[in-house]
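Considered here are two forms of the same protein chain, supplied as structure tokens in two stand-alone entries, structure 1 and structure 2.
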Structure 1
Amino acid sequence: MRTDTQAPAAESPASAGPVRTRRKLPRPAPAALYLLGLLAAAALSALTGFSIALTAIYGVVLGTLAVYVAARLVEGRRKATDRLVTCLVWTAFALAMLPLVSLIYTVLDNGLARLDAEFFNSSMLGVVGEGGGAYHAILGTLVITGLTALISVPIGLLTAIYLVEYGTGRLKKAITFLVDVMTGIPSIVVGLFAFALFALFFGPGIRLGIMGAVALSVLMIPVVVRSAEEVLKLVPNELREASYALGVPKWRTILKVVIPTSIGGLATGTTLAIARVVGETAPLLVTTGFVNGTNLDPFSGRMTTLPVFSFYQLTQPGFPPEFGIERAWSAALVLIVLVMALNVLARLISRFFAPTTSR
């Protein structure tokens, strides 16, 4: 096997030893070459009128090229391809981070302006132009999300228990399949379902908080089922058998042994499921409607949630528009913080429970 391109100039000192070593680029060389490419790109873009986007594009191309050519000359074709792929993979990751950074920057930049006390303690009732807040929307989000969790968590957990502990045969297969299907239903379709369901009984003008909760439940239940199923399956069968061998009936075994053993995972999964529905907007547009005042009763009248509030403040900001737009961004910021907080909470829960459940 040929290990080496025959570049005549450089003599490899190590080739005298018993093991033939390939010539290698020194460890920091690729990074240095890449940096060189970036600098060249900055210079190039400065010539044509400096722009960050162009610098980045030129930089990636030139940097990758520099690394590839150097590796090709010194290390040979195979190693050069390997380095090329490494450059591409790193670039891809950086590229994926770009939207995340840009998004967080944009939301902070636009949203911090109106993140004041008034935003949290006043609603939009009677507000034209400046002022006003998302008090009603924040409460609406809490009420509707709470109601959703109240519906979804028991149904989801029980279904998971059915699938893991009791289910057999065709019914189990059918339910597993349909849970999969449910995870894929577009959220707007779920909204239409809830609307159609209630419209059938109350007429087409109906808009209620509970309609939103029903729609969100259809989205949340499959998420809860999936995660709970995974977690319950992790409980070793030996523990169930140990309990049965003590003469404990199955249902008590599930309640007292299986669930306590997996409680951390169940709580984590549920929190993540809540985080997922808390930002849902589309199904609420067609079910809960939109109001400016505070309504805490999900069984009568329209309700506003944070994402819907945010959407309408941006698309229908009123006059003059800048105040509505500011409120929209602040609501988006609060929403992101809420979702991130739930995600962090989920991590903390799983970390908190980890030592007791691991064996």
Structure 2
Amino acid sequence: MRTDTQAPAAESPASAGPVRTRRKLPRPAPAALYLLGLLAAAALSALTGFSIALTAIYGVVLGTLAVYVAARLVEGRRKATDRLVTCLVWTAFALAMLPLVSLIYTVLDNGLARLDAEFFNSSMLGVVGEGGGAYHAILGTLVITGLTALISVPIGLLTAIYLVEYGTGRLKKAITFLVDVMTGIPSIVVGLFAFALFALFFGPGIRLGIMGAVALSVLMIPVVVRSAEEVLKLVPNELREASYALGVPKWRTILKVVIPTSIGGLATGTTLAIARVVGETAPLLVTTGFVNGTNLDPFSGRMTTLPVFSFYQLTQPGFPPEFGIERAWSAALVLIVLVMALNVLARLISRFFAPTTSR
């Protein structure tokens, strides 16, 4: 008697029936549905009393709801949840960009009117109404910022090198704690500290450019320390150990191996720290004061910087006031361009001087 022990043949794909494919919304459909939600919100807001804030709220809710419902009906619950989160992320990004775009537009709209040659080569000495410029304030900003960097960068870098390469125990913890505390000090308190310090030696009422540089240094040093410390930690220990194995002392290893390896990050952090303090106003109002003429000696007399110049032109514009307000907006525009240039410079330094891209 013959027994058939062979297993039945597997069913062919053709006999298994049609393959079920998952449906998907067309590529432009989510954006179109979100736009329809915004249009519906505008119509609803127009019927109930137009308001930009209510229109934005209604538009976000209706647009996100339309995308979620359409994705849930067509693509399923999982994909609908993904599209819901995507809508929320893009909405948060748009809300974050809205104040920045509004600020840039407002400054450009009000500041371009006086951004002429006279603004860059004239001071406010003898100017009452129309005319004048921020020549003295621009030079004062460059002098005080340069002195601030000259004071802060060596102190900050050496402190970071000590914390990473040498520091141990309680002293390291104490320095780290003090750096964290200095990071959160209000700028006006720093200005009062610098004023009180110089008043002890030169008497009350003293106003000097170097006072502003000292005040800004207190704000800049912790930023330099923190950024440099994180960059130095990224240097591989294998490089240090290889140098030690060749008999190179520690100070020379730091000077010839660690710092050249991290020079791009150190320069980037320093540039960003300068950009952070160049727009400070409160400490300079207390320490440097205001003057209409040009003064390039930080150790003699008052100096004016762009933030202080903009503040005084806005709060004390003179008569008629529109000319002073125009100068204030133009000074703010120059300051924004200066900060943006420093940030671009930091990115270029990070790109071209990093070890991975310079080879």
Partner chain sequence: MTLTSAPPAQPRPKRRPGDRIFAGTATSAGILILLVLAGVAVFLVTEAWPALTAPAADLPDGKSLGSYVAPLVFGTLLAAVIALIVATPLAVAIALFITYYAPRRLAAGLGYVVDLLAAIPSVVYGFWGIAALAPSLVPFYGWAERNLGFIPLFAGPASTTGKTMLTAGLVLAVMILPIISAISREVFSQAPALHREAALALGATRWEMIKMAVLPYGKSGIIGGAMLGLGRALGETLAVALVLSASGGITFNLISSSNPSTIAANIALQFPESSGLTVNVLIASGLALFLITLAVNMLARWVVTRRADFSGAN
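Residue positions are counted from 1 along structure 1's sequence. Everything quoted here is computed from the prediction, not taken from an experiment. Under this definition, the rigid core comprises the largest set of C-alpha atoms superposing within 1.5 Å between the forms.
Each structure shows the same chain on its own, and structure 1 is the form predicted in complex with the partner chain. Taking 2 Å as the criterion, N295 does not count as shifted between structures 1 and 2: its C-alpha moves by less than this amount when the rigid core is aligned. Annotation: Cα of W90 displaced by at least 2 Å between structures 1 and 2, core superposition. Treated as two rigid bodies, the chain between structures 1 and 2 differs by a rotation of the smaller body against the larger of 18 degrees. Taking the core as reference, the Cα of P30 moves 4.0 angstrom between structures 1 and 2.
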